[in-house]
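What follows is one chain in structure tokens, specifically the form predicted on its own.
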């Protein structure tokens, strides 16, 4: 076998091997929406449920499950008041927001608000989020910048986030307590300039996007 032929065959073998590895890894040269062929899948592709979707495995057909009764989050505590206990909550939290109004706290509040609250309240807090635009809920009651909402105490806003109000569900088991107080600060910021998005420092916003650090926020 001549040397040029050997070189050609070697190049073809290398290209074929590279192509095969790329296809099997699913990273290159593969445009199918089907999961790639993996020798050792490592649980990369597995069945999962969408939040607020259906799951016929459960009797109530709800994918989103409530916490097991009597359990507590590893960091935090259960919220002691029901939806209608507004007066009790306002007395209990009469001291107001325990977090300082720092740039980091506002950025963290913005991050959590955009994640959990914007679908209904919109990013501006004006109540015209995607949920409302699709015909669910009332824009006026979802508008956090209206005069009535601006008159809410910090304790009442925190209570509504924690226990829910009207069709709004409780978020005490979904958002950490320190993050709920950060959201209160951010809602106040939205109320200062209705209909506009506050501009927060890039460094603070980037840091706030990480996991909650209660010591840093106090």
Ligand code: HEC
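Residue numbers count along the first chain shown, from 1. Quick caveat: nothing in here was measured; it's all calculated off a predicted structure.
There is another form of this protein, the form predicted in complex with the named molecule, and it is not shown here; the text below is about that form.
- Residue 169 is the only one of 53, 67, 169, 41 with a heavy atom lying within 4.5 Å of the named molecule in the predicted complex.
- Under a 4.5 angstroms non-hydrogen atom cutoff, the named molecule in the predicted complex lacks residue 97 among its neighbouring residues.
- Contact check for residue 120: a heavy atom falls within 4.5 Å of the named molecule in the predicted complex.
- At a distance threshold of 4.5 angstroms between non-hydrogen atoms, residue 89 is out of contact with the named molecule in the predicted complex.
- A residue is said to contact a partner when one of its heavy atoms sits within 4.5 Å of a partner heavy atom; residue 76 fails this definition for the named molecule in the predicted complex, lying far away.
- Taken together, the three residues 176, 181 and 200 lack any non-hydrogen atom within 4.5 angstroms of the named molecule in the predicted complex.
- Along 146 to 162, a non-hydrogen atom within 4.5 Å of the named molecule in the predicted complex is carried by 146, 149, 152, 157, 160, 161, in order along the sequence.
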